[in-house]
Structure formats: structure tokens, C-alpha cells
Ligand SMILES: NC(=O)c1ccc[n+]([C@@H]2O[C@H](COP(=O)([O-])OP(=O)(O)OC[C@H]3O[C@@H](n4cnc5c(N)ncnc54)[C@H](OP(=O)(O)O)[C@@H]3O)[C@@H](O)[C@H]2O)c1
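Quick setup: one chain, the form predicted on its own, written in C-alpha cells, and binding and motion questions come after.
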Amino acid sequence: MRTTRRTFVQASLATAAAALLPISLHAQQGQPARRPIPSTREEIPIVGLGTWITFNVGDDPVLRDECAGVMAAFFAAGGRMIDSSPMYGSSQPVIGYGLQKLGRPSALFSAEKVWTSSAAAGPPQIAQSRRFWGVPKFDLVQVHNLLAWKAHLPMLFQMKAAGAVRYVGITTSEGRRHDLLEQIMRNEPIDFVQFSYNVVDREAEARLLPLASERGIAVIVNRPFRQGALTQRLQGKPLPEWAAELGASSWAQLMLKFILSHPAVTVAIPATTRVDHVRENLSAAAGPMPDRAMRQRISAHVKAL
């Protein structure tokens, strides 16, 4: 993409703004670091659990138990946020199965979405999602991929005012419609925004991440590994020796630390089907985090491979 004077200035200002953002990571011994949700200062672990594709296992009892095992390892390692959507096939009832099997862990931070073009269908869909999960209410409900956002956001704000949901957010993925997302972030009193950001997809650094910090909006990062494409691409390639400076023993941990070290990021939500991977991901939320120079080094090294 051709760099114009305007884009150069915008990027320079965004970099300067990011440098001024306060880094506030808190961790207890053996637990993942936490960051505060700006609108309430409630602290949440900086690694959550996504369920897109991985929890869409239908009624298969073996696969359902495997998902429950992932959830058990997630909570045991100090995780809280599980994120899903009506778009994710059977993921919602599979989450509900796991929560029931685990005795409904009190640590759960439930992040759901509304995904329908019909304004009237929004509340019934949220109610159905809640029944699938088996929770009295969701901590967070987001408008999925900006679909009918003008209709759904007022409804969600009303639910929040009535105490039927704690937080309201909006999402997009794969770098789509950032201009509209920025407009909503500037003009609507949302608590959370969710978008894609990773070691090679860094467009959010220019405007969205600094704006989230400016506006006091929590950031959920989806597709931290490009839906597994990045980890597959790096499979078999040696980890750089300097990764040990950050306590990273795998590519996944190094790439997660790149994301989590940005001070505007509240939580990243990698999805996985494996217990060892969920433990590995939560471990990335502990120990040293890269500074700006190291972040650049990580990104440049991955891009060069």
C-alpha cells in the first residue's frame, strides 16, 4: 500500500499516543496477569477462550467431553472470559454442557453476541443463547460483525440499564469495516469492542487501539493466530533464542505476548481444542512482556519467515 503524507502522520500520532498509554498488568502468583475494564475498573485475566469452530462439535459425546476438558483446564489456569455467538453452530449448547459438568464455575465471565438482521429477533435470540449457556444473565453481549447495530445497540443499552446484562459491545473480524467501527467507538457509549489484531495484522494500531484507550473502551482481540494459519506456518521453524527473555517457549506464546503487551488490549481470545494449548495460552499471560522495540522485533521476525 502506498504511504501518503497523511497516513504517515496518522501512524506517527498513533504510535506516540500508544507510547503514552499506561501499562497496568496485575498478576497474583501462579495466575495470569489481569487488566481493568475501563468503564468499571473490574479486572479480568488478559487471556480468554474463543469457541469459533473449536466448540462446534454437535452432539458427539466424546468431543463434547473434550471441550469440557478444555474449559476445565482454562478455569484451573485462572481464565475467566469465554466468548461465543449464535453464528458458531453448536458452540453455545456445548459451552452450557461444559459449564454444567464443571459445576458452573463462579469465575466465568460470559461474553455472547446478538447476530440477526431483525431488530425484533434480537431479544429472543439473546434469551435462547442464555438458555443454551444455562446462565441467569450474560456479563457481556456484543453486536456481532456490526449486523443491524443501529437496532441492537439501543436494545442492549436498555438491557444494561435494567440489569439484564453487565456490559455492551460491538465486534468485527478480519480487518473489515474499521471506518464504521471507529465511528461507533467515537459516538456510542459501548464498554467493549472486539476486532482482529496479531503479529502480522497490525492495522488496529493506527486508529482503533489508541481510540479505545482515549474513549475508555475495553478491547477483545480475536483471530490472534489467524485462525491457526500463523501457528501452522511457523510449525517446525526454530524459535528465536531471544524469545527466552520473555519466558516464551513456543511461537503461540511469543505471538500472544506481542498482542497482550499492547496497553490498550484488555483480553485476547484464542480458540483451541487441546488442553495443553489452553494451558500454554494462559501461561503467555504471565512473566515478562515485550517493550516497543521487542514488539517490533517479534513482528519483523515472523513476517520474514
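Fair warning: this is a prediction, and the values are worked out from it, not measured in the lab. Position 1 is the first residue in the sequence shown; the rest follow in order.
Here the subject shifts to the form predicted together with the named molecule, a form of this protein not shown in this document.
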Check whether Arg226 has any heavy atom within 4.5 Å of a heavy atom of the named molecule in the predicted complex, and answer yes or no. yes
**OP:** Please run the contact check for Ala271 against the named molecule in the predicted complex: heavy atoms, 4.5 angstroms, yes or no?
**Re:** yes
Check Thr172 for me: does it contact the named molecule in the predicted complex (non-hydrogen atoms, 4.5 angstroms)?
yes
**Message:** Even though the partner isn't displayed, in the predicted complex is Ser118 close enough to the named molecule, meaning a heavy atom within 4.5 Å?
**Reply:** no
Here the chain appears without its partner; judged in the predicted complex, the stretch of 272 to 280, 238 to 246, 61 to 69, 33 to 41 with heavy atoms within 4.5 Å of the named molecule is 272 to 280
* Does each of Trp52, Tyr88 and Lys113 have at least one heavy atom within 4.5 Å of the named molecule in the predicted complex? -> yes
From Gln100, Thr231, Gln158, Gln128: within 4.5 Å of the named molecule in the predicted complex by heavy atoms is Thr231
Across 127 to 155, the residues having a non-hydrogen atom within 4.5 Å of the named molecule in the predicted complex turn out to be His144, Asn145
